[in-house]
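As a starting point, one isolated chain is supplied in C-alpha cells, in the form predicted on its own.
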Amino acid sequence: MSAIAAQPDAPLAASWWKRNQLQLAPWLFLAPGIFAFAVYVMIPIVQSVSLSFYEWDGLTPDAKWVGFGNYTELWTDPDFWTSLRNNVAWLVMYLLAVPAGLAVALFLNQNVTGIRVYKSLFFFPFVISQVVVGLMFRWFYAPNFGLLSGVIKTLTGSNIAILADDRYATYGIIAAGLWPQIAYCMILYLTGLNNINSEQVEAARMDGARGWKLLWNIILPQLAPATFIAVVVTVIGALRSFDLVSIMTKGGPYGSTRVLSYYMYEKALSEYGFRMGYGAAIAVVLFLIMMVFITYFILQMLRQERDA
C-alpha cells in the first residue's frame, strides 16, 4: 500500500519543476555569482561603513566608538581636500581619453599597408601593467636623463623636474595614466566602427555628407554604446587611481599628488597610519562619489533600453 501511495507524488514533483523551471533556472545560474558578490563586495562595504564610526588601529581587539568623529575630522583635514581636488583633476583630464581614443580609432579604421602594425603599437599600452607604465614615465620625466626633460632643456635651456615640482607632478601622473586609457577607448571605438551600418554611410555620402557632418550625424550616433562604455570605464578609472600615484611619487612632493584612494591607504595601511576607522571614512566618501556616477550611468542605460 505504501508503494502504491507514493506513486502519485513523483509526477506531482516533476510537474512542479516543469511548471517553474523557466523561473528557477536563471536564479540557479546566478546563485554562484550572487554569493560571491555578497561575500566579496557587499559584506566588505557594510563592514567598511561600520568601521568608519570607530577609532581602531587594526591590531588591538578593542575599537573605540567615535560616531561621526572621523567624518568631522575629514571636514577640517587639508590633506583630504588636497586629495579630493586631485581626484577632480583626474576626473576632468581623464575624460580626454574618450575623444582621443575616438580620433585614434578613426585613424586606424583604414585599409592601408601596415595598418595592423600601427594597431599593435597603439594597442600595446593597454596590455602592459600600470606599474610598468609608472616606471616608464618616471624615467621619461627624469631630470637627468629623461627624454622629456632633454627636449625641454633643448627648447628652454633649463630642466624641469616634473615629478618633484608640486605644480606639475599631478598632471604628469595623469598624462601617464592617459596613455593606456586612450588605448582602451580606442579598442572600444574600433569595435564600434566595425559594427557601423555601411549602407547609412554610403547613403549619406551620396547626399553630400562629408567630413565633420558625416561624423557628427551618421557615425557618432551609431557609436553611442561604445561612447557610453568608454565614459563609464574612464570615470571609474579616474576615481580609482592609486597604482600610478604609488609608483611614481608615493603621494609627494609634500603630499601634493595624493588622491583619495592613496590617502586612504596611507592612513589605514601604511607605516605612517594604522587608523583603520579614519581610512574607512575616506573609503566611504570615495564610494559615495563613485555611486553618484554609477547610479547616473545605470539610469541612462535603463533609459536607453526602454527607448530601444
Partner chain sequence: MFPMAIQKQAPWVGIVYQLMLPVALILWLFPLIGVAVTSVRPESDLAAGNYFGWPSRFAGFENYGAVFTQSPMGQFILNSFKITIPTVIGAVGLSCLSGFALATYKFKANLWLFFLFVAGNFVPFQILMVPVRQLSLNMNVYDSILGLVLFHTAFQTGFCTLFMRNFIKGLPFALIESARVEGVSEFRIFWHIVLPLMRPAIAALSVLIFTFVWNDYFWATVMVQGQHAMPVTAGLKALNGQYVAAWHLISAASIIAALPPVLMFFLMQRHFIAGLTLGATKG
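What you are looking at is a predicted structure, and each value in this text was computed from that prediction instead of being measured. Superpose the two forms; the largest set of C-alphas matching within 1.5 Å is the rigid core. Positions refer to the first chain, counted from 1.
We do not show the form predicted together with its partner chain, though everything after this point is about it.
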Look up in the predicted bound form whether residue 22 has a non-hydrogen atom within 4.5 angstroms of its partner chain, and give yes or no.
yes
Contact between residue 265 and its partner chain in the predicted bound form at 4.5 Å, heavy atoms?
yes
Heavy atoms within 4.5 Å of its partner chain in the predicted bound form: does residue 82 have any?
no
At the 4.5 Å heavy atom threshold, is residue 137 in contact with its partner chain in the predicted bound form?
yes
Residues in which of 87-95, 157-165, 186-194, 73-81 have heavy atoms within 4.5 Å of its partner chain in the predicted bound form?
186-194
Hey, which residues along 229-252 are within 4.5 angstroms of its partner chain in the predicted bound form, non-hydrogen atoms only?
229, 232, 236, 240, 242, 243, 246, 247, 250
After a rigid core superposition, would you say the CA of residue 252 moves by 2 angstroms or more between this form and the one not shown, or not?
no
If we fit on the core, is the Cα of residue 28 displaced 2 Å or more between this form and the one not shown?
yes
